[in-house]
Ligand SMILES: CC(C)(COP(=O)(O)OP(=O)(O)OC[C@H]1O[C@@H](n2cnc3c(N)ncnc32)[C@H](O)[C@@H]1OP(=O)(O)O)[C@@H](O)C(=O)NCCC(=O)NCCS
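Single chain ahead, written as structure tokens, the form predicted on its own.
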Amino acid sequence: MDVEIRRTAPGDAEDFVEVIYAALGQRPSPDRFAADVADVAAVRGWHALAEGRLVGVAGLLDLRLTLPGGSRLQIAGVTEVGVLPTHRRQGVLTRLMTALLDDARERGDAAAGLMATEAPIYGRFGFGAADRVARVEVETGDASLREPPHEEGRLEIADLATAQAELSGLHERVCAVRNGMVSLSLFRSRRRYRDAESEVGGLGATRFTLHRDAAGTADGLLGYRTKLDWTRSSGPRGDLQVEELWASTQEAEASLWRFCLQHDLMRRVTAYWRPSDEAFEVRLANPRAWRQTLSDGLWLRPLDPAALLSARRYGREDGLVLEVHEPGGAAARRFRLEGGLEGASCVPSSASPDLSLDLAALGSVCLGDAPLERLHRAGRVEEVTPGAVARATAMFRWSPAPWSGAFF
């Protein structure tokens, strides 16, 4: 099948959105469809046409990613990917992804990132799962603290407009201190609070609470929904669902979590897309009350491995030659990596490799979450020089664990 790939024109937004909904098997309300059409203007889109008919779409966002050590790197965020059910497994997605990645490479992006709706799809394009996110569930009756809290700041109830006004600056401060954080895009910012004032899934409208430090600066933001279930025999058994919780300080983070867990009438607190190493769990007298399930979050595809590896910091001072295999059978490339806590350099090399790995495996270890040694045991990394796996594992490991922050 011949497939033509072209950039999405300004007048193509309705067709773009129609394909996304068809790919998802959904039919939106007229108001929701119109809002999505307006939002797509912030996406750099591509169309895939077969016999002149639109059969697939995909888009890119300009984002920044925080690397181990605190540097921020421009990446291409792949989003809004969809192929009509009638044209799947016919090479349409491959053509779209090739066009997107070529464009990102030409623009100088060191990597591309995405959140995968289905995990098996994107590894063949060189994407590797680079961080893990947690679904957290806590029974409030078991969630007492080990020690009394120390508070210098204060909490305040906020309305939607105030939350929106505070979010941008706060999110940037969180990005500065958290490895793996991805900047907010205009596209997702438009959609973030679209349903905030409506009931969703039996849960009430979103409520907001800010934490302000002693100087009055907002250093934490909580958005949450509640559902109250009250029976004569059991009394109040409400559910509180955390929609978002951002904090640039430990005090703000602890204060907002405590607000959730000590909220009157609530029996259970749930939260999604949280860090895999959330510190508040350790504050509980009974850590078993904190139950979490891990899943993949950000998938990373190195486009310029040398630039990506040079920009981060490393857990120990060392040097290695990496042989990186591209997807699709392209010739492997070798890079000499020298790095430590103070900086790093990565340049092309012709020396014998210490380790051999594919591009997706490199994407998985770039942020320091996936231990390189574990990938070696799984057959994803070949050790050429004895001891190189242990050395590389110590180099790439970083704490805190990466957290991408929000779906884009």
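Only a predicted model underlies this, so the values are computations on that prediction, with no experimental measurement involved. Numbering starts at 1 and follows the sequence shown.
There is another form of this protein, the form predicted together with the named molecule, and it is not shown here; the text below is about that form.
- Interface residue among Val242, Leu167, Met115, Leu308, judged by heavy atoms within 4.5 Å of the named molecule in the predicted bound form: Met115.
- Between the named molecule and the residues Arg124, Arg135, Arg316, Arg268, the one pair within 4.5 Å by heavy atoms in the predicted bound form involves Arg124.
- Looking at 115-123, 204-212, 279-287, 175-183, the stretch with residues near the named molecule in the predicted bound form, meaning non-hydrogen atoms within 4.5 angstroms, turns out to be 115-123.
- Though the partner is left out of this view, Leu24 does reach within 4.5 Å of the named molecule in the predicted bound form, counting heavy atoms only.
- For the chain shown alone, Thr162 is not a contact residue for the named molecule in the predicted bound form, no non-hydrogen atom being within 4.5 angstroms.
- The shortest heavy atom separation between Arg88 and the named molecule in the predicted bound form is within 4.5 Å.
- Remark: Gly82 counts among the residues lining the named molecule in the predicted bound form, judged by a heavy atom distance of 4.5 Å or less.
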